[in-house]
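The chain below stands alone and is given in structure tokens; this is the form predicted on its own.
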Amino acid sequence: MIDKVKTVFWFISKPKYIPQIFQVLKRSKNKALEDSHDEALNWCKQNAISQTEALKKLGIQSPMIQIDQEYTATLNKANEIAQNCPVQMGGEGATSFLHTLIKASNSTKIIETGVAYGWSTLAILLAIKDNKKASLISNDMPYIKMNNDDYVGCIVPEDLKKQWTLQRLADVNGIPKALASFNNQIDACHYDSDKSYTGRMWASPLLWNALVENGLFIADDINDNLGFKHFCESIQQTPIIIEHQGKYVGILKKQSH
């Protein structure tokens, strides 16, 4: 009860995030599906392939770029900042895979949901830094009650920020705003924000519908619940699934049937 009261006061103190309350309340209607971790994990394990094989299936023949080797100084500095951050946030994820995918696909209009330290943000910005036509819009809502507002994206160096726009909104407002900035046509999206079943099933169609032909939909932590699996079934698409440090990433490439 005390925890719920603290949550309510957090939202009252940050009214621009209040729309997210309604998304949270909707989860009670999908309780069984919200708690479908075991089934989702088994599905991921059965269908996962190597990252190298995944790149080839996506039409990328070049080897994966290991960003910690390609940008050693930048990554060392990022690790130092993350380790010294007073707030514990999410891990770095499959950053080399993401970087290679964005770079090889020549994506220029990119949306990211969920930032935390900014690992995926950094991977994407490094991939587009030599393409002046490319830009990234990231939408992030701070962790509830964790006071991490001042540290979101903290590992992103200043020289990469010219191609980056950071929105601080709940997904229900932030995703439509980001899409509108790109006239509802994007080349790639990286979904790493509200990973509840309810959140995924709301956001995924919006992002998918805005993708251009051959556009990429990348979703993190798809083992959390059946949201990603059910979304793929709803659009009759077979995803590519990779594993990274015990978690799973799903990738869809938008192509006409």
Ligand SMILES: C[S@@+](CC[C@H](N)C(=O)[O-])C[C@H]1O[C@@H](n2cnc3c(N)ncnc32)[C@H](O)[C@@H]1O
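Numbering starts at 1 and follows the sequence shown. Being a predicted model, the structure only gives us computed values, none of them experimental.
Just so it is clear, the following notes concern the form predicted in complex with this ligand, a form of the same protein that is not shown.
In the predicted complex, no residue of the candidate spot (K103, K109 and C189) has a heavy atom lying within 4.5 Å of this ligand. Considering this ligand in the predicted complex, the lone stretch of 126-134, 158-166, 71-79, 85-93 in range is 85-93 [heavy atom distance within 4.5 Å]. Put simply, S193 is close to this ligand in the predicted complex: some heavy atom of it is within 4.5 Å.
Within this chain, A178 is remote from the site of this ligand in the predicted complex, having no heavy atom within 4.5 Å. This ligand is not drawn, but in the predicted complex it has a heavy atom within 4.5 Å of A170.
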